[in-house]
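Here you get one chain, nothing else, as C-alpha cells; it is the form predicted on its own.
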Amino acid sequence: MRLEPIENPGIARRLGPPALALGATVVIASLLAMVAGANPFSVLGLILKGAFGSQFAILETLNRATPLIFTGLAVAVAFRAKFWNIGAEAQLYGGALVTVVFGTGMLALPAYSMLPLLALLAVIAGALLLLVPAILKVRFGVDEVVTTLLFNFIFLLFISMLLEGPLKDPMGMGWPKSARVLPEARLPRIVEGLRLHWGFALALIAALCVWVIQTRTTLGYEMRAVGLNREAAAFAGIPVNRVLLQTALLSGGLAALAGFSEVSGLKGSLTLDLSPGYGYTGIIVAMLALLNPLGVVISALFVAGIFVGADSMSRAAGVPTYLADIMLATALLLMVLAILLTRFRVVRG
C-alpha cells in the first residue's frame, strides 16, 4: 500500500473526507456516552440544546467562540506558511497583559480612542512575542515548535510573578489578579444584560481581513507559495525569510487580540485562568477549518458549541464534561487523516 498524490481533487474529494470525519466523531461520541451509561441520542440532543437551544445559549456560544476565532486565525495564518506557531497561548496573555497595564489608568482617554489604542498595543505585544521565535528560526534554524511551545510556559510564569507582585490588585482580598480596567477600556455589550460583547464583531472583521490578505494580496500569495514549497518559492525570487517574519507578526497579533477581547470585553481584569487553553484549542479550530480563515469562524462556533453544550449536558445527564474534550481530540485526529485523503489516494503496489 502506498499514497499517490491527487493533482486536481474535485469538490467531492475535498469535502467528502472531512464530512466523514465529523460523522465518525459523532458516532464515537455516542459510543462513549453509552459506556458512561447515558442514552447517546439524549446526550447529543442535550449538547445541541445547551449550545443553541435558547437565546442565552446561543449568545454564550458566540461569546465562547470569540477568542477561538482569534487564536484559530493566528494558527491558520502561520500554518499556511508552514510556520508552526504553537505559542498562541503566550501571545493571548501578552495581549491581555498590555490591555491591563495601559487600561487601568496609565492612559486617560475617551472610549472611542482608548479601545482602538489598546487593541493596537495588544497586537504589537503579540507580534513581538512571536517575532523572537521567528528570528531564531530564520537566523539560526531553531525549530519554532520548541521555542513557541516553551514560550507558553515561560510567559505564564512571568504573568504569575506579575500578579503576585506589581500587578496585584490591592483590593483583591489577596487573590492573584490585576486591578480592573477603566470603564473607557471596556468593550460594550452587543445585547444589554448578557455577556456577548463587540469583541465577537471584531473577530468576524479579523476573519474577513485575513481572508482578503490570503486571497487578494501579494503577501497572501507569497505565504501560500512558501507553505507549499519553500525552496521553489526562494528560487522564484520570493524573500522567504521576510515572508516568515511578516507571517509571524500577523499571527502573533491575531492571537493577542483574543487576550484583549477577553479582558476588555468579558473579564475586566487579568488572572492566570483567563484562558482555559484557547491558544491550544485554536490549533484544533484551524485544522477543522482546513486553514481557511472564513472556515475558522464556523469551526470556532462548532468547538464553542461543544464546550457550552457539554457543560449543560453534564448537569442534565450526569455525563462528565470530558466527553467534549474527547470529541474535539477525535475530531482533530480524524480531520488530519481526512486532509491527507483529500490530497492523496491509497493504492496497492
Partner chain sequence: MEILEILFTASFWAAAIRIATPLILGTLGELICERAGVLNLGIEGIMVAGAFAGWMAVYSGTGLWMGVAVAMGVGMLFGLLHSILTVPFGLSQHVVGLGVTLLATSSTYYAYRLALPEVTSPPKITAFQPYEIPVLSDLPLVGPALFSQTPFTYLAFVLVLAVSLILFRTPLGLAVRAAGENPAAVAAQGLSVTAIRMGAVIVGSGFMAMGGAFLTMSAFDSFFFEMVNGRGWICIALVVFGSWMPGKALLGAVLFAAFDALQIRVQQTEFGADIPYQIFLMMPYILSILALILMSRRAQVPAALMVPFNKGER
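Note that the structure is predicted; figures quoted are calculated from it, not measured. Numbering follows the first chain given and starts at 1.
Beyond what is shown, the protein has a form predicted in complex with the partner chain; the following relates to that form.
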*Contact label in the model of the complex: residue 340 to the partner chain, heavy atom within 4.5 Å*: yes
*the partner chain contact in the model of the complex: residue 283, any heavy atom under 4.5 Å*: yes
*Contact between residue 141 and the partner chain in the model of the complex at 4.5 Å, heavy atoms?*
yes
*Quick one: does residue 35 come within 4.5 Å of the partner chain in the model of the complex, counting heavy atoms only?*
yes
*Mind checking whether each of 86, 329 and 333 has a heavy atom within 4.5 Å of the partner chain in the model of the complex?*
yes
*Since exactly one of 295, 320, 40, 53 fits, which has a heavy atom within 4.5 Å of the partner chain in the model of the complex?*
320
_Under a 4.5 angstroms heavy atom criterion, identify the one residue in 128, 240, 145, 117 near the partner chain in the model of the complex._
145
*Just one of 251-259, 157-165, 96-104, 119-127 has residues with a heavy atom within 4.5 Å of the partner chain in the model of the complex, so point it out.*
157-165
